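In the form predicted alone, a lone chain appears below as C-alpha cells.
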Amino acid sequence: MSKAMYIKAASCISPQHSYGEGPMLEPLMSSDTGMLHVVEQDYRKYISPVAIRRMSRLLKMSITAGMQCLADAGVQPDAIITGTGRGSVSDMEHFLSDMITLKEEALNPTYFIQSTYNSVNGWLALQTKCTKYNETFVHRGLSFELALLDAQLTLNEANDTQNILAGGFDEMTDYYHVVKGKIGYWKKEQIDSLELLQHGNTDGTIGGEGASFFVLSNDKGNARAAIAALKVLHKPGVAEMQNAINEMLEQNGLVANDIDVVLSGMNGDAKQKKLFEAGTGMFGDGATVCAYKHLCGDFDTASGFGLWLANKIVSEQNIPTVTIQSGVRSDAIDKLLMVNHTITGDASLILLNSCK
C-alpha cells in the first residue's frame, strides 16, 4: 500500500481569486462567454521584465504559481513533476500562423520552443537551480493525476526526506474553443458560469484554464492535509466507478459514512451526469457534496484546481457556500474524496486526510 503524500504548500492561479492571501474565492468571478480565463497576477515578482515580454500567459501563470508554492513551503525541490493536456496552445497557434504567413521562411523559433510541453518545467528548473528528476506528463484529462502518481512513486522509494513540486497547467484560447466546439465540448446555450450545474440536462460544458502547484513530501511536519490514496480509471462505467470507490475505501479501512466531503468534478454535461451521480450518490446524507468546475471551467488539468480547493477545505475546515450542492457540512472535516470525470471519458479518485 502506498504511503501518504503530505501537502506542504499549494498555489493556484485560476479564473477565481485563488492566488495569494485573502478570503477564499472572494469576490466570485463569472462569465457568460462559454469560457473562463484566469485572474491575471503581477508576474514580475518571479519573472524578469526582459523575459516576461516573450512569455505566453501559460508560462507566466505557471512559473509564478510554482515559485510561489515553493516560497510558501520554504523548500528547494528535489524533483519537478507536472502534467498538462495541451501545453502552450497560444505559442503553438502563433508559430503555425507564422509558418503560413512567412511561407516557412525566417521563422522566429521562440514560439516553437515555448510551445513544447516541458517548457514550464525547464523554466522552473532554471529558476530554482534544480538539476534533479524533472518530468512532464501529457495524457489529456489524466495528465495531472499521473503527475501525482509519479510523485507518489518517487516519494515511496525515497529513504530520506523529499520535497517534490507537482502541478498541472493548461490555457484556453479563442481558436481552441472554436475547434473543440465543433465536436460538442461546449454548451450551445449562453449561460452564466456560476449557473453551469443548473443546466445539467443539456450536452456540453464551459471551457477554463489555470495553473495549480503543490509541494508534496514524505515528511508530515507542518502539513495540514495529506493525499492518502489516488486511483485513475480508464473510461469506467457506473459499476466500475462505484467498485473503484468501494475498493479505495476498503483499502484505507473506511466506509462511506467516514467521508465528510465529496468534491465532485461535475461539469454540467448531460452525457456524464450518470457517472457523477454514481460517484456522489453512494454517500447518502452523511457527506456534503461539493463541486468546483462552475468556478474554473473544464479543461484537461482542472482537477489541479479541484485539489487546491480540497486542500483549502481540509486545511481551513471551511467549505465555501458556492461549492455546496447538497448536504450540511459537519463540524470537523477529516476525510474528503475527490471524484473527477473528464470529457474524454477517463476518471480519477483522490482521498485526502486531515493532518490535524
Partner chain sequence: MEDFKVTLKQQIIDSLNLQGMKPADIDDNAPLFGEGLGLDSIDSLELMVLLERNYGIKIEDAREGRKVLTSVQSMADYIEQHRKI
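Small disclaimer: the values here were computed from a predicted structure and weren't measured. Numbering follows the first chain given and starts at 1.
Unshown form predicted together with the partner chain; subsequent notes refer to it.
Across the options 262 to 270, 200 to 208, 104 to 112, 67 to 75, residues that bring heavy atoms within 4.5 Å of the partner chain in the predicted complex belong to 104 to 112. In the predicted complex, the partner chain lies within 4.5 Å of some heavy atom of residue 52. For residue 98, a non-hydrogen atom is located within 4.5 Å of the partner chain in the predicted complex, even though that partner is not displayed.
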